[in-house]
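A single chain, nothing else alongside it, follows as structure tokens in the form predicted on its own.
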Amino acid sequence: MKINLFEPYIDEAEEKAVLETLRSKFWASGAGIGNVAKFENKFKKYVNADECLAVNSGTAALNIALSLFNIKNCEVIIPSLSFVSTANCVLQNGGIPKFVDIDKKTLCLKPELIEKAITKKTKAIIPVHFGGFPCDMKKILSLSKKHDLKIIEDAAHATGASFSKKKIGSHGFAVCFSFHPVKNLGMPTGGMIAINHSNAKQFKNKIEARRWCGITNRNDDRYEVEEIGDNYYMNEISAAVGLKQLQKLNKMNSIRKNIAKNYEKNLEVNIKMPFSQNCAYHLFWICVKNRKLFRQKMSEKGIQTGTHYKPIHTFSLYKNKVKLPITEEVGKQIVTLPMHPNLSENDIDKIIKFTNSFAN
């Protein structure tokens, strides 16, 4: 039987919640059964943020969060080893992506290199908690204060991850989560923006308008539109699933950590993801010299693997002369191994056995 790279972890609770929402006939977010509002409130308590606003993807979360301040013709520091949404949101808001190299151990932005890259044109930093491993936010937040920069955290991999004994989502100005079906908290489609600011309610109002076509001051059939917005609403069916997933998130992440601990201890590869209790382990990565051959042999044994990610600065849209030696080396060698709570002990043993056979 094939071992999948990712899988959602569900039971009868999600099935019942979806069926109840379908039968309610209120599928869009609104005044119906209020799953979206309930999910926002419960997630806000879970991460201890000032405000939480649900959207339909992690990409939407990044786009809106970056629109909350003017970055036109300004630089935004980002890693290249990430999903392309991390860079797209900068372009879509008129900014200039500035790629900075990563820490070889964690694959997260390296604070020392961030500081060297800061110029008069720099307006913001988007740290990516790669694989669910928290960035060194203490140093990054210190840099933001020193240079008056905004921090938009890309926590697409990091739902349930922690930093300084607090959940990711309670620190930076805006923290963006993804609830794609294979993420730690999965739903058909969804994302979240957590806001931490003394004027959080003011930003909440802006996000509410921008996630729904710019509409404000709605009263029955009367409303106003003062600026452009998008249709980024989360739907009630997704939120119904999310509410059930949130209840078991700590359990699911605990399973992921146990798998990661087993991998880290028993995989005989030179470069692999480190273990940390603070990490959410959306994925687990290793580096191999002959990736194509390794992945082919693993596939022949029924084990699905992945490549996360092709560095963004190598795409034609972003291609430039920037030199990122660690990113480029890792980008050629990185392989992601199966990581989800459905993996059995036999599955894990098999993955470890064949990884050790084929990786070196």
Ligand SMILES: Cc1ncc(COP(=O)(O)O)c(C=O)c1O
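The numbering used is simple: start at 1 and walk along the sequence shown. What you see is a predicted model; the values in this text were computed from it and never measured.
Not on display, but discussed next: the form predicted in complex with the named molecule.
When contacts are judged by a 4.5 Å heavy atom cut-off, Leu62 counts as touching the named molecule in the predicted bound form. The named molecule is not drawn, but in the predicted bound form it has no heavy atom within 4.5 Å of Ala280. Within this chain, His180 lines the site of the named molecule in the predicted bound form, having a heavy atom no more than 4.5 Å away.
The named molecule in the predicted bound form is not approached by Phe275, whose heavy atoms all lie more than 4.5 angstroms from it.
No residue in the set Cys108, Gly132 and Phe284 has a non-hydrogen atom no more than 4.5 Å from the named molecule in the predicted bound form. Think of it this way: in the predicted bound form, the named molecule has a heavy atom of just one of Phe173, Phe163, Tyr233, Phe83 within 4.5 Å, and the residue is Phe83.
Only one of the listed residues (Leu185, Ala194, Ala156, Ala240) places a non-hydrogen atom within 4.5 angstroms of the named molecule in the predicted bound form, and that residue is Ala156. From the list 165-173, 266-274, 222-230, 148-156, the contact stretch for the named molecule in the predicted bound form under a 4.5 Å heavy atom rule is 148-156.
With contact defined as any non-hydrogen atom lying within 4.5 angstroms of the named molecule in the predicted bound form, Tyr309 is the only contacting residue in 306-343.
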